[in-house]
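What follows is a single chain, given as structure tokens, in the form predicted alone.
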């Protein structure tokens, strides 16, 4: 049974040092945060703990393709506009420990990129114990990395009283597909990595009333149907049973793009006719689950994903979406308020949908 922080009383938190695992892994451009959605989603937990007198120790990682070990300084600069907080390069140094000890009730300190320590990704027990020794309590509010077996996700809660943050609790609530999920249920799945998403397709074929498969995922199925996909991205198919794919292709619930947008010899997006084919299903749905773009978003093939965002935004269905490029299209159009729930997770969302839990969630149940 997981306890969420809003189930605690002020007396449970006042004066306590609370180690909060947040997810501030946000894109940085020219030294500044270019998308603050994950930061904004963490604020309710931070403010709840702060307003109830806790001393907050925030830990997060950040990654980028351009820098081997990026800094959380730009996140600190942005947060400083909304909160009074301090920053420490090394939480285990004398200066870092002194900063922690000097915290007053309601004050906040942000640690530098936790992945600077080798023990984090290795889930080193000694590192987890050392990290836990800094605090009195632990809160996980980092849904997007709760599928990772890292020290700050699964190691630390073994040593401290542990709780779910408000964001983590919200993700679990909205991504829990059950028998009470309303129908008609439309599942839209895009992106790539067919091998990893095949189990999800197989699982939701039984639950969804209609499933549209787009993005590079569709290329494998189109090829199986006899479409010449030329040089388009396809999976290696190693370990994938062709009979399983044949059953998917022939299932009447499955919709594949037909109005293909090409760039040379590569399929890059779904065209306007595919969006129109989806229209009656979107408008007639009571529940829509969407993860992954319909085109190669990073290379500028956004039209299909943007058109889909607009259409779902017009629907009266409960709509749950996730995935980085999917989120980008929704933000670009100013449609954030048109969706029932927008997940902060990409891979974590997919794994939770498949398994109904994550290793970081399970760590809070012990």
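Just so you know, these numbers come straight off a predicted model, no measurement behind them. Residue numbers count along the first chain shown, from 1.
Keep in mind that the form predicted together with a small molecule is not shown, yet the notes after this line are about it.
Interface residue remark: residue 61 is counted as part of the site for the small molecule in the predicted bound form, having a heavy atom within 4.5 Å. Remark: residue 38 counts among the residues lining the small molecule in the predicted bound form, judged by a heavy atom distance of 4.5 Å or less. The closest heavy atom approach of residue 225 to the small molecule in the predicted bound form falls outside 4.5 Å.
For residue 175, no non-hydrogen atom is located within 4.5 Å of the small molecule in the predicted bound form, even though that partner is not displayed. Comment: the small molecule is not present in this chain, but in the predicted bound form one of 286, 281, 115, 207 has a heavy atom within 4.5 Å of it, namely 115. A heavy atom within 4.5 Å of the small molecule in the predicted bound form is found for exactly one of 154, 110, 145, 267: 145. The partner is not drawn, yet in the predicted bound form one stretch among 45 to 53, 332 to 340, 296 to 304, 22 to 30 has residues with heavy atoms inside 4.5 Å of the small molecule: 22 to 30.
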